[in-house]
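Listed next as structure tokens is one chain, alone, in the form predicted on its own.
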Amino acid sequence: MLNLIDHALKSPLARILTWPHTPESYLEFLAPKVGGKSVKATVKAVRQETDRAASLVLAPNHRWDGHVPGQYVSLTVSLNGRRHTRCFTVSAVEDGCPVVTIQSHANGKVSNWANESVWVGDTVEISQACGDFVLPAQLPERFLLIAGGSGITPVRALTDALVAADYAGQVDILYYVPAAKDAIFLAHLKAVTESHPNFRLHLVKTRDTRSKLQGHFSAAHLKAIGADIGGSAAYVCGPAGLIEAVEQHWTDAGQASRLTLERFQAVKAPAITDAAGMPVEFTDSGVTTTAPGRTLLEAAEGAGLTPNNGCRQGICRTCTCRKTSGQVRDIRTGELSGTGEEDIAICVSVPVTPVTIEL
């Protein structure tokens, strides 16, 4: 029935009857959990994993296409009249519902909402699942899964997928936390390793000098757990420092191709050097502006436009717009785009030639 409604909303008659608005906007007003074009989800349950991390069980509407273990969604919530979007891994599935696990941090609007203010029954918006931090089609004989802090969320998803597949190879989980109390899913991971001897959990308490494994990532840790980086598929997710250290070690060892990364934070952006101020035309709004040294998102906001945006770091892709002409530079990597049509994240793009954007 809901798919028939979606089909009817696309009809020319529906467009005429609801002009100057859209059929989807009317349905969203009348039935917010169904209407609109996005995936709406109801918070079905809330579970506190640690003092700083909570899991939200989400019951999505009919538009949810499902996910592959290890993928993430962009979650959007309205707080004090403003929409905020952040990316979170689908850490598990409960009764067919995706679960996102969110660790709070200082000044984190969405993360603090999830740990302090969320209520069962709240409605949120999620994207379709995306990301390639997933298991390969052909499973190798060994896996090395490295996580730091909330980076354990996709690692848990991969671990559960391997368990469900009756994987018989060796799996080493190297998990970095300040102290044991900060370890998300610790009881779950211990239960997995107790019932499956081929899965081994190595908890590294970075601030506990009495722990056998302590401090931040090092080659000594790999040696201590008997890791074979040349014979294992390695996955790492966590703070930027952990990812950079692991990536450097694998590169130095000539094993970079065996490493899969998942970043929760954007790579530190270099200084914007394209300061000449190229003209930017936002074709849908009929606005042309220049914004020396600013991203296209900042240029749009400075011109009075209100484009969708979320993380403002190029991760959630909420701000993606169609570039129809011109060339831009990614401020995270310095990489130049092509000159033709393509979708770009305007929060991390600066123009290096005159640019036209569908906005």
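What you see is a predicted model; the values in this text were computed from it and never measured. Numbering starts at 1 and runs along the sequence shown.
The discussion below concerns the form predicted in complex with a small molecule, not included here.
The partner is absent here, but in the predicted bound form a heavy atom of Q103, alone among T76, S232, T206, Q103, sits within 4.5 Å of the small molecule. Of the residues given (G108, G169, P178, G241), G108 alone sits with a heavy atom within 4.5 Å of the small molecule in the predicted bound form. Comparing 43 to 51, 307 to 315, 59 to 67, 286 to 294 against the small molecule in the predicted bound form, the single stretch with non-hydrogen atoms within 4.5 angstroms of it is 307 to 315. Taking non-hydrogen atoms only, E262 approaches the small molecule to within 4.5 angstroms in the predicted bound form. Using a 4.5 angstroms limit between non-hydrogen atoms, R86 touches the small molecule in the predicted bound form. Put simply, F143 is far from the small molecule in the predicted bound form: not one heavy atom of it is within 4.5 Å. Taking the partner from elsewhere, T153 is found to have a heavy atom lying within 4.5 Å of the small molecule in the predicted bound form.
Between N309 and Q128, the Cα distance is smaller in the predicted bound form than in this structure, by no less than 3 angstroms. In the predicted bound form, the Cα positions of N80 and C316 lie at least 3 Å farther from each other than in the form displayed.
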